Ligand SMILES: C[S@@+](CC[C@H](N)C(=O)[O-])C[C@H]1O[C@@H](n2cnc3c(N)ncnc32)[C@H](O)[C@@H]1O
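The chain below stands alone and is given as structure tokens, in the form predicted alone.
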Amino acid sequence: MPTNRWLQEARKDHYRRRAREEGYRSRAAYKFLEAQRKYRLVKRGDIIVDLGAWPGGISQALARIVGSEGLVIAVDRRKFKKFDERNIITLQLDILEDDVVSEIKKILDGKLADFLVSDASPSFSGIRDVDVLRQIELTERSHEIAKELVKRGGSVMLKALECGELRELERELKREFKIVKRFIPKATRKSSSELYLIGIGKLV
């Protein structure tokens, strides 16, 4: 259960208030939007895969950018509330257990995605070593999915926590993308140690 301190901080949370005012389901939308302003990751008409997408703030931000010509496939093991945005398709799948690639390929119908974002997080235990391992498992799995679904020239944005395995993943991304950046959005909570690995311009 959330503590009183957490609830007080949430009420003061600028991004949480802004999300309500601008119609986003979560503050996570602003993490992506900041990356978009900085790196121009997506454009109108793009096909997007959003992993760990619940409750859907990032998917909404993406849907507004890609427009009616584009498509956002939002994936999470939790069930989504129905979106008003007609260019969002939802899949209730666990990226660690289900055959996410084949299910998304059914929707893509022979096409590949222009961009894959993963905001997937584990249920945190409060034990840092355990939580870091759970997070890197999700980050690495998201990377595996991206290798199969993102087209040449496409980009990725993967949530992570700092650890030794992450540095190895970063080296792998540098072999696969023209540009690789570490990105910490301003909308990230001050108490969080999360970051994103961004790969731009898939080489193969």
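Because the structure is predicted, anything quoted here is derived from the model rather than measured. The first residue of the sequence shown is number 1, and the count goes up from there.
What follows is about the form predicted in complex with this ligand, which we do not show.
- Annotation: in the model of the complex, residues Asn87, Ala113 and Gly154 none come within 4.5 Å of this ligand through any heavy atom.
- A heavy atom within 4.5 Å of this ligand in the model of the complex is found for exactly one of Leu71, Ile104, Ala74, Ala120: Ala120.
- Just one of Leu138, Ile48, Leu41, Leu149 comes within 4.5 Å of this ligand in the model of the complex, counting any heavy atom, and that one is Leu138.
- Shown alone here, Leu96 lies within 4.5 Å of this ligand in the model of the complex, counting heavy atoms only.
- Taking the partner from the other structure, this ligand in the model of the complex has a heavy atom within 4.5 Å of a heavy atom of Ala28.
- Among heavy atoms of Arg128, none comes within 4.5 Å of this ligand in the model of the complex.
- Contact check for Leu158: no non-hydrogen atom falls within 4.5 Å of this ligand in the model of the complex.
- Heavy atoms within 4.5 Å of this ligand in the model of the complex map, among the stretches 33 to 41, 48 to 56, 63 to 71, 175 to 183, onto 48 to 56 alone.
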